[in-house]
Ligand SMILES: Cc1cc2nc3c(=O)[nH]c(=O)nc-3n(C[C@H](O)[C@H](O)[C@H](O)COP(=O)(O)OP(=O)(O)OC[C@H]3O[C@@H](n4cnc5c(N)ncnc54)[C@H](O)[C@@H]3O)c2cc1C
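So this first bit is one chain, no partners, the form predicted alone, shown in structure tokens.
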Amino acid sequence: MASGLKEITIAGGGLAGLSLGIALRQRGVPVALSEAGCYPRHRVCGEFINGVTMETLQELGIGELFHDARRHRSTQWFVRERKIYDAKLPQAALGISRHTLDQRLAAEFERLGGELRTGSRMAREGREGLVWAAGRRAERGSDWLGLKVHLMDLAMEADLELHIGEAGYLGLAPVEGVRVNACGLFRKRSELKGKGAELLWQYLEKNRLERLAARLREAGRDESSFTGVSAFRFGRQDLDEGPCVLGDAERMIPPFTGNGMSMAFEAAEAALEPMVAYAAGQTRWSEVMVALRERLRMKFRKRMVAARLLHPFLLSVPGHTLLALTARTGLLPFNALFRLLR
């Protein structure tokens, strides 16, 4: 291990924090990482990694952790239970649960000599050497609710099924074994009071996806995998000039129009070179923050603009009509959208 390098402290042991920690440890940088939760755990997440390159994963030193991930190549889209589109993905996507992936990343970080403190919550502050990757900022007035559960032995129409309802959508994608991740984003409805997966079925029914709800009800499910999340907003999260932020703590993209898992890995890759330079005493922390902000802005700006325009459009009745029409007539620019949003 290299000596005389400054330590990097990371708050938050999600994808961005852990993958950055692993990459820094491989380069001999001392890293202490604090995570408020513990491993393994389930997260509200599509668990469908679309767009990140194997070169990025190898640069971070985590490529081998995906050796048994599912390779997804086909997709079907449904609007209010009518199939409108059937396509092959331009690039295979990876399917792996956060329950498995986070645990693998945490174990690899510790294997490389990183100091991992679980059950440890840090104060948000702008101190030198601290990377804040502890997730989104709470937005109490948010209209959105994310729900996720793992289903067992569910027959699939394609590797990825995307079901769009009146005011929300749900994705189905296989992960390890016989599990299928069902993850949806919906506008909150205060009258729905179900518990566990029953709440998800209620949201599907209220979004005019009754047949889908009945189909999922019939499948086996791991109720312990059910998770929900609210109090969030999309777009830039770091509205102050305090800590050095990364991952969801820096920006969140709507799940329909972009892949947050891929962006977490790409953000870690963008942070790697400036962090190594700081650890080696070659640059000041203030310069690291400026460089990282610019790297993230350049890397993600097109995706974020496209997402800001597409997301509300695809959750509106006119948007549904146009989406179905362009898909039916062969005018849906699927490959162009794929390139834009990766």
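Just count from 1 along the sequence shown to find any residue number. Worth saying up front: this structure is predicted, and the values here are computed from it rather than measured.
The following text describes the form predicted in complex with this ligand, which does not appear among the structures shown.
Only one of the listed residues (V31, A307, V44, L292) places a non-hydrogen atom within 4.5 angstroms of this ligand in the predicted complex, and that residue is V44. For the options A197, L151, L185, L209, the residue carrying a heavy atom within 4.5 angstroms of this ligand in the predicted complex is L185. Here the chain stands alone, but in the predicted complex its contact with this ligand, taken as any heavy atom within 4.5 Å, falls in 113 to 121 among 198 to 206, 80 to 88, 218 to 226, 113 to 121. By the criterion of a heavy atom within 4.5 Å, P255 is counted among the residues contacting this ligand in the predicted complex. In the predicted complex, no heavy atom of L24 sits within 4.5 Å of this ligand. When this ligand is considered in the predicted complex, A36 lines it closely, a heavy atom lying within 4.5 Å. Contact check for Y278: every heavy atom lies farther than 4.5 Å from this ligand in the predicted complex. Taking this ligand as it sits in the predicted complex, the stretch 107 to 136 comes within 4.5 angstroms of it through a non-hydrogen atom at S120, R121, M122, W132, A133, A134, G135.
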